[in-house]
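Here's a solo chain for you in structure tokens, the form predicted on its own.
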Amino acid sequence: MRDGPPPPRDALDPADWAEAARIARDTVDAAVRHLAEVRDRPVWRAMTDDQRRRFEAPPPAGPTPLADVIGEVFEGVMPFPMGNVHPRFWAWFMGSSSFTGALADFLAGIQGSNLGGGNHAAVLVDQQVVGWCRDMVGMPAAAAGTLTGGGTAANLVGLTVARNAKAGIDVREEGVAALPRPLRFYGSDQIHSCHRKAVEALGLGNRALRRIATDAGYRIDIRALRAAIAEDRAQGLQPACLIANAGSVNTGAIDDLVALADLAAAENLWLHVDGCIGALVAIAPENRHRVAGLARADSLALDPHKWLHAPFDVGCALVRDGARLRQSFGISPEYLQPAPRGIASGPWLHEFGPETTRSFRALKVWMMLKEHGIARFGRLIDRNIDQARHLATLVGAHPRLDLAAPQVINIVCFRYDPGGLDAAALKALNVEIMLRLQDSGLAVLSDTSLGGAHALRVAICNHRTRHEDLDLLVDEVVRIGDDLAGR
């Protein structure tokens, strides 16, 4: 390694590159140990008041040696993670990250490219990853997309295109106040809360989003949906978009995508599929049939930081008619004009989404897919679904555990019920079981409400989980529940 000339005064580069390399090697060694030993640590640890106070200090005026800064990270940050890389973390719906993805984020930072666009390799990687996402879910070659910070942003992109396509006016130029009739969007009563954020941000308001009742499997009731569309048309409103669940947030329920695609075509509606939980089931050989019809979506949101286990954050929005995506976001200001050659001769990716400055988040997805291949990720998804089936079987076989919803993919909702408790007491008991599991560091799960009844919720989106982890979970839930119930 060439030491080279000293950096300019007050540059941010190391004064000693060889020393910087040594620190980097030590940091990687410590990071590898941290990840390799993850199963030996608690899933989650509460921080003491003293540990929290170190993050209340004012901004530092002077320098601290890099080795000391990294020491602070390993002392005060790394021991207190959210926990989602641990094999017994099953709360909400989060991927469990990967070593390769972490290396990719490091390399992306070293390269430092801005993915707003341009003629450079990172743009080509971004475009290739979007194309791979398109191919994995079966959308046509003419589809276009953009990588986002996650599912909320990806859904916002898709619904923005839906609004603009069905507005009947140039809504970008005239605004929603010029709409001839109020637009109506439809989704089940199980859709993610990000859709409310989206219709509010789009200027349509929460009332524009009609929540349709679901059946016993928490799938949208097609008959009730048809009736709502007809009712809105009769009242002079304009039905515009159907939002389908390819994996609902509460239970993993998958709406009848084929029936919804047929209905959207018959009613001249936009079909947007929220596939942030379940779209990638399309690459799982044993379960891909569950998302039949997915490729008929007009727009689709998915999350590579879930079942592809890319480190946070990376989502993806895809639009079947790629021209409509660009029409919804494209702007060509005088300071971002194309050139016949040079950096500005490449594509401007900012024209496919709301962000002008974009990180090189594509690299982690690209490297992980290159290393492992799609088939391996498909097998891991099948395994998580099989593990959920195993857990549901254990729950169903125990006299004091009740399944709260059908298990479809990788989410299991259940409760401990010793009998003789009203709804409030039963909820309090199960919440305490959940919190004791967290406090002990043994497992982290979350909770929800289904039909007004509280339930514990296990979402197995984790390539490190083993079947015996779920056996242990059931044993501990029953043990803690029995202890609290005085059995």
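Note that residue numbering begins at 1 and tracks the sequence as displayed. Computed from a predicted structure; not experimentally measured.
Although it is not shown, the form predicted in complex with a further copy of the same chain is what the next lines describe.
Visitor: Within 4.5 Å of a further copy of the same chain in the predicted bound form, counting heavy atoms only, one of 409-417, 227-235, 292-300, 195-203 shows up; tell me which.
Guide: Within 4.5 Å of the partner lies stretch 195-203.
Visitor: Is there a non-hydrogen atom of F360 within 4.5 angstroms of a non-hydrogen atom of a further copy of the same chain in the predicted bound form?
Guide: F360 belongs to the contact set for a further copy of the same chain.
Visitor: Should H305 be classed as touching a further copy of the same chain in the predicted bound form when contacts are defined as heavy atoms within 4.5 Å?
Guide: Heavy-atom contact with a further copy of the same chain at 4.5 Å: present for H305.
Visitor: Would you check, heavy atoms only and a 4.5 Å threshold, whether N268 touches a further copy of the same chain in the predicted bound form?
Guide: Output for N268 is no: heavy atoms all beyond 4.5 Å of a further copy of the same chain.
Visitor: Is A141 near a further copy of the same chain? Define near as a heavy atom within 4.5 Å, in the predicted bound form.
Guide: A141: no contact with a further copy of the same chain in the predicted bound form.
Visitor: Of D321, D313, D215, D262, which residue is found within 4.5 angstroms of a further copy of the same chain in the predicted bound form when only non-hydrogen atoms are counted?
Guide: Comparing distances to a further copy of the same chain in the predicted bound form, the residue within 4.5 Å is D313.
Visitor: Taking only heavy atoms into account, state which residues of 126-151 are within 4.5 Å of a further copy of the same chain in the predicted bound form, ordered by sequence.
Guide: Counting only heavy atoms within 4.5 Å of a further copy of the same chain in the predicted bound form, the contacting residues of 126-151 are Q128, W132, D135, G149.
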